[in-house]
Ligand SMILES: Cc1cc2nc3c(=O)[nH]c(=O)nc-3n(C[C@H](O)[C@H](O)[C@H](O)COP(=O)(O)OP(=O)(O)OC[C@H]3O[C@@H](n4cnc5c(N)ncnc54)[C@H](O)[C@@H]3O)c2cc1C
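Just the one chain here, the form predicted on its own, laid out as structure tokens.
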């Protein structure tokens, strides 16, 4: 076997693999499997005896480019990606709007695509048959299946495993693909080599993503919602767009746990290492990108509002058709509103990335990093690293809630203080207002 391995082993060892599973789908030798690791993420396992070092897994990997980047300083245009128009909107069906994520536009547009024969199936995420607290790729070919798969899932999913089935199927079907930035990167890299993907996956929806908590994060939330009966379903949001973790058991009983995002996930507890290197907040590589409208003007709207970045003529045409059919309501907004809605994460993934990269890779910096950025990054990395240890998760489970609430309040104030300083330094925001920790 060739000593100079041309596979993704280096990416796995550097903990840069997102577990998207693109490599699994396109390995010609079938020597890659995807497993749930002890760190609460999905990881490839390579059968070295079968591997012929063809390099295909490296070529389709979404994070291979990391090893060819000297720094992460991008222009605003490069960071946000191609923009045709920006919108705020929601589904005109109240049932869809209330029971989907932030306005229900992804669900409504997916249903519109199926009903109007634009696509034959929708590739998205749904719970596994074995465990309602684990999720997998699903091809929805009916509107009822789309409704079943809706709502956000804050847990790793090896979504691109389904690409193997898509490429190998004999029927000529057209698909809509819904994924996170890391899934889209793998898909688009694979489409450069396997042109049939472009013929079959004709539409791509991307979801704004700050980070995806590990599987341990979901298991921890389940522990916070004790139930005597077998779990039937879990949801990460209540009706509308409230961040409430919900467990429904087989007896029909419902247990809820409020504000888990602000208390744990928003402070980067249970954040995998690879998320700290990601520079794609707005899902650049798709036709339509969607995110929450965390803006003052929509704060009172309990049903939810979606923000949309239209990136292609296909995406623009789909929005126009669904609007004309009275399925959705949308209105134009400026790109500055999109950035404002995600301002904290905009700076976290854009201006603060180099410092964080150097910290995690233990690279000696040539110049001094801006102190508020350095402190902010250090706190976030510390929380992520602590939550990898079982003893610390046990501590979180037993510590009295009143003490932890006090800790969270202190940390949020501290981070808000440093974020205001970062706003002032980078954006010239003299008042440093609008801190994003008012979850």
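Residue numbers count along the first chain shown, from 1. Treat the numbers as computed from the prediction; the structure is a model and nothing was measured.
If you look for the form predicted in complex with the ligand, you will not find it shown, but the lines that follow are about it.
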Heavy atom within 4.5 Å of the ligand in the predicted bound form, from candidates 175, 350, 294, 264, belongs to 294
Could you check which residue among 80, 330, 180, 278 gets a heavy atom within 4.5 Å of the ligand in the predicted bound form?
180
Location of the ligand contact in the predicted bound form, chosen stretch of 251 to 259, 101 to 109, 315 to 323, 161 to 169 [non-hydrogen atom, 4.5 Å]
101 to 109
Give a yes or no for residue 211: in the predicted bound form, does one of its heavy atoms lie within 4.5 Å of a heavy atom belonging to the ligand?
yes
Taking the ligand as it sits in the predicted bound form, is residue 124 near enough to touch it, meaning that at least one heavy atom pair lies within 4.5 angstroms?
yes
Check whether residue 245 has any heavy atom within 4.5 Å of a heavy atom of the ligand in the predicted bound form, and answer yes or no.
no
Might residue 87 be said to contact the ligand in the predicted bound form, defining contact as any heavy atom within 4.5 Å?
no
Could you list the residues in 146 to 180 that come within 4.5 Å of the ligand in the predicted bound form, counting only heavy atoms and keeping sequence order?
149, 150, 151, 152, 153, 154, 155, 157, 159, 178, 179, 180
